[in-house]
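For this one, two forms of the same chain are given in structure tokens, first as structure 1 and then as structure 2.
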Structure 1
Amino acid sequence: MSHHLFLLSPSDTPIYSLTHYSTKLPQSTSSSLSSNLPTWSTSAFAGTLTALSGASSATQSHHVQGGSVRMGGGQDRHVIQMIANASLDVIEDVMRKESAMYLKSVDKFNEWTVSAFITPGNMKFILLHETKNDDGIRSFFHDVWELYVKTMLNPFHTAHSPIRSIVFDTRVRASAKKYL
């Protein structure tokens, strides 16, 4: 099971991203994209379905403690980015309706659920995940926000520029391991 975090500036420029492979076992198995479509459409669009589902002919396994996570060979990253970018409009619509910082589940694409957290400075934290864990995700977003604020207080860091701090990355990963 994996989680994908994106931090976006107010102009929707990515400043940080993280992929975290959880050691917790998924609660249920998710169906592939092709199983949700009629059989006549799966043969006609086999290449598109393969790309969207993240599968490829060269499938790799990422080993984590307690099991392994299968992922496609290189196309997953682009599909995940597409899902995150596609959810930005939905996030902005929810932002107009609600004043909460944590927007919970704002969008869903196949097995991926998109959760968002909006800071008072209009930074967007987007998390793609496969299982429901509202309390853990909320705590994770609050930790990441606290780490982000500490990074912005650094006089050597320019606001809304990519975060390349090893300390920031290490602490976000530790928070992901703790809550996700």
Structure 2
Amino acid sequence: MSHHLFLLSPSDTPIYSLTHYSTKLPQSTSSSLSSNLPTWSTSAFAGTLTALSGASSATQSHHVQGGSVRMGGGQDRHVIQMIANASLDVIEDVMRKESAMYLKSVDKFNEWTVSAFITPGNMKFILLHETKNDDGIRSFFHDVWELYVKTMLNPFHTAHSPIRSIVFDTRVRASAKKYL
């Protein structure tokens, strides 16, 4: 099971992206969830996506626990990016009408659900996920928001410059591990 995070600047330039492979599935903490959705990631939809991307998504270059198919990190990366980009239309429609920062499940594409978080400065965090995990994603976005505000306070950082801080990356990964 994987998650894909994109941080987009107000002009929709990607300034940070992260692919996170959840190891929570085999653990007891989320066993109820995984028993409800036993073969989600290897469902027929995954095959559709593979066909769409024209590439094999089952490239096992990275060993993943639980034997789930590794998605989005290899040759089908551009499909993931396309889904994230396509969701921007929906997000921009919704964010004009709703004042909530956390927009849960704003868009769907095959097995991917798109959740977003809009900061007051019009920064967009987009997360592609396969399972429902509202509270986890809310907490994750909250952490990313705090880290982003801290990055933003750097006078050498502008809204359009990519985030290359190692500490930022480490913290986001740690938070992803904790909540996703």
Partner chain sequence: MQQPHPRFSVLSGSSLSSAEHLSPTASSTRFSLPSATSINTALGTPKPGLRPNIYDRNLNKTRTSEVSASAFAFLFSEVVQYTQKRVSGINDLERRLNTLGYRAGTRVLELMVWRAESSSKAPKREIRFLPALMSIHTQVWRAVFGRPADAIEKSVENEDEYMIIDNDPPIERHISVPKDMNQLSCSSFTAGVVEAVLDGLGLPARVTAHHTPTQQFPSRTTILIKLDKSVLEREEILK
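A quick note: this is a predicted structure, and the numbers were derived from the prediction, not measured. In this text, rigid core is short for the largest set of C-alphas that superpose within 1.5 Å between two forms. Structure 1's sequence is the ruler for residue numbers, which start at 1.
- As for origin, structure 1 is the form predicted on its own and structure 2 is not.
- Once the rigid core is used as the reference frame, the Cα position of Arg171 differs between structure 1 and structure 2 by less than 2 Å.
- Core-aligned CA deviation for Ser11 between structure 1 and structure 2: less than 2 Å.
- With the core held fixed, Ser161 shows a CA shift below 2 Å between structure 1 and structure 2.
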